[in-house]
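Below sits a lone chain in structure tokens, taken as the form predicted alone.
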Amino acid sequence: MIRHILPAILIGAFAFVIFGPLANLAMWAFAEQWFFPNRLPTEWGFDFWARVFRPRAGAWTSLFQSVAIAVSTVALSIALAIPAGYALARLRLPARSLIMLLFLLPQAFPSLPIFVNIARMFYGMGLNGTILGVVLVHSLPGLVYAVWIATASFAAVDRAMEEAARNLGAGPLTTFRDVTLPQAFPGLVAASIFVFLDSIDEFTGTFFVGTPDVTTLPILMFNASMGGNYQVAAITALILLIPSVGFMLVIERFLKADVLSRIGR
């Protein structure tokens, strides 16, 4: 009996840790009034949703800027990751392990001092408060996902098919375009989604490099929470949660086991 109860308790505790904050977030998003000591909102409704999406509220502008920055970050990161990943997967580069480690360094240190120093450098270059500056600072962590997954994707490509294409007269570029790239494409899609999600949720880099001229959804959520507008902050958080959940389901489909097994090799 205890053998069955203990796993059930552990699963219930695990579910509470994950879904408890999400349930609280959902309640705040639809709460019209919720004051202490009430454990549940006393009034429910959609009034705050209407306020968030009013033209003057800035939510639409923040949403469009967030998506535009994330898409630009994906384009830049993947454009750099494809040649880098191919070279790291196929060529006998000296100090290959060191190069792979260098792409992890941005994640090895606290992000706050890194972004503060980047903001200082960008200020001298005139990139502070610009979309380009925010895209560049978002690409720093984005390249970690892009390069590592791209390297694993190209390493998982069947070289026999490439050799067959070369034997049939295809040149190196044609073989890469028609044989190598289609096989690596699912991994590159997964890398793009990781970069997109990381960019659209990025707050610290945007705060130090983009504000006050560039306002993304995380910045809007932060301003709302600091001002005590918890309903607005909760609604913004739910909007950010939707692409995260949807894209993670897509990643599960595209990121295959053979690619995962080669990450870091």
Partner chain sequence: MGGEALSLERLAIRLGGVQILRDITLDVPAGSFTCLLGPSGCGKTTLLRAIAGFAPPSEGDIRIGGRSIAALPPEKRETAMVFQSYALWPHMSVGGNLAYPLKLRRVPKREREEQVARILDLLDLPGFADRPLASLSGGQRQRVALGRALIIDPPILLLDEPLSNLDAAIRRNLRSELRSLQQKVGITTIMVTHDQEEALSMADTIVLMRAGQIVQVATPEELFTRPADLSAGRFLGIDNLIRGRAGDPLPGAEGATLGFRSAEARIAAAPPAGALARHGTVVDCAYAGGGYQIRLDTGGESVSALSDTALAPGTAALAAVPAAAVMAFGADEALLPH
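Numbering follows the first chain given and starts at 1. Here the structure is a predicted model, which means the values were calculated and not measured.
There is also a form predicted in complex with its partner chain; it is not shown, and the following applies to it.
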**OP:** Considering its partner chain in the model of the complex, find the one stretch among 143-151, 80-88, 112-120, 156-164 with heavy atoms no farther than 4.5 Å from it.
**Re:** 156-164
Original post:
Is T174 one of the residues lying within 4.5 Å of its partner chain in the model of the complex, judged by heavy atom distances?
Top reply: yes
Original post:
Just to confirm, Q183 within 4.5 Å of its partner chain in the model of the complex by heavy atoms?
Top reply: yes
Original post:
If you check in the model of the complex, is A95 within 4.5 Å of its partner chain, heavy atoms only?
Top reply: no
Original post:
Taking heavy atoms and a 4.5 Å cut-off, does L76 contact its partner chain in the model of the complex?
Top reply: no
**OP:** Name the residue from M100, V179, L127, L188 that puts a heavy atom within 4.5 Å of its partner chain in the model of the complex.
**Re:** V179
